[in-house]
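Here you get one chain, nothing else, as structure tokens; it is the form predicted on its own.
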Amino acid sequence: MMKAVITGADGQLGLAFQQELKRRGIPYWGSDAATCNITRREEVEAMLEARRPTVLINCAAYNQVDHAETDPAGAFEVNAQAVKILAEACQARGIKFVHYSTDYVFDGRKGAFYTEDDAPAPLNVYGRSKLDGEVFARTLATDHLVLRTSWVYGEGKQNFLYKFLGWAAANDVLRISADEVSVPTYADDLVAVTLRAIDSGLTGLYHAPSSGYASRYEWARYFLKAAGFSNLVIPVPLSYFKPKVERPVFSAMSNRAITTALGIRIPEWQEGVETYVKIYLEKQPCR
């Protein structure tokens, strides 16, 4: 019987895990910064000794890309050093360690889908901190599962679609970058893939985004149509917004390796958007 500890349980991915584990009747403990500071080894070890899980699912992350450039210490503390602590604590207790990484470990210059065999080349502090976390997870925890994903959205306010709702409510005309391409990934779909992988005893590094790919412009337009909005969305280059941090332009990842290993199909990103609209849109105050 699986018994899980979820770190970063108050984030959108953590919330999705809590809902699904509760639905399946799987015992779990949801931990946030208030109940366990994962950057402190003694707190992590005390939590694991008290809860004695079979798997630790690390949903905690410093994912503010712009802020990471001016706060590299903070980014590396959460995305790398905390992962080191978690991996070592899991290894010492025979606990499976599940950790999430990002398409931002790549520079976006390949011009095709990234696979697990491609060499990382992060462009910014956030990407470098996440890459360091990957290395710690893979080298320090024998029973590890590292899943790279991208553009995750679900219940909560820290995602592109929630922010986009606010912009759509306040503006008839919206400008969205059309040359920034990756894979929008619905949190509930990512949870389903993760739990299937855990059940199957899968270990290693895999890409687990939704299927397909889209620019932020395509994603935004599809979302607005599904949600019944009539705003005008104009495609513009990313440079229009004068970004402070360099980002990968085409960082879409292939999920073929994990779907083959598990014998599953991961839904297309459009399917995830439609489900998100049906389940969560009515909860949004700006609707």
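This structure is a prediction, so every number in the text was calculated from the model and none was measured. Counting begins at 1, following the sequence as shown.
If you look for the form predicted together with a small molecule, you will not find it shown, but the lines that follow are about it.
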property	result
Region of this chain that lies against the small molecule in the model of the complex, out of 52-60, 255-263, 234-242, 220-228 [heavy atom, 4.5 Å]	52-60
4.5 Å heavy atom contact, E20 and the small molecule in the model of the complex	no
Distance check, D10 to the small molecule in the model of the complex, heavy atom within 4.5 Å	yes
4.5 Å heavy atom contact, F136 and the small molecule in the model of the complex	no
The small molecule contact at V181 in the model of the complex, heavy atom, 4.5 Å	no
Position in contact with the small molecule when the complex is considered in the model of the complex, options Y126, Y186, F164, F106, heavy atoms within 4.5 Å	Y126
Contacting member of Y114, Y206, W151, F97, with respect to the small molecule in the model of the complex [4.5 Å, heavy atom]	W151
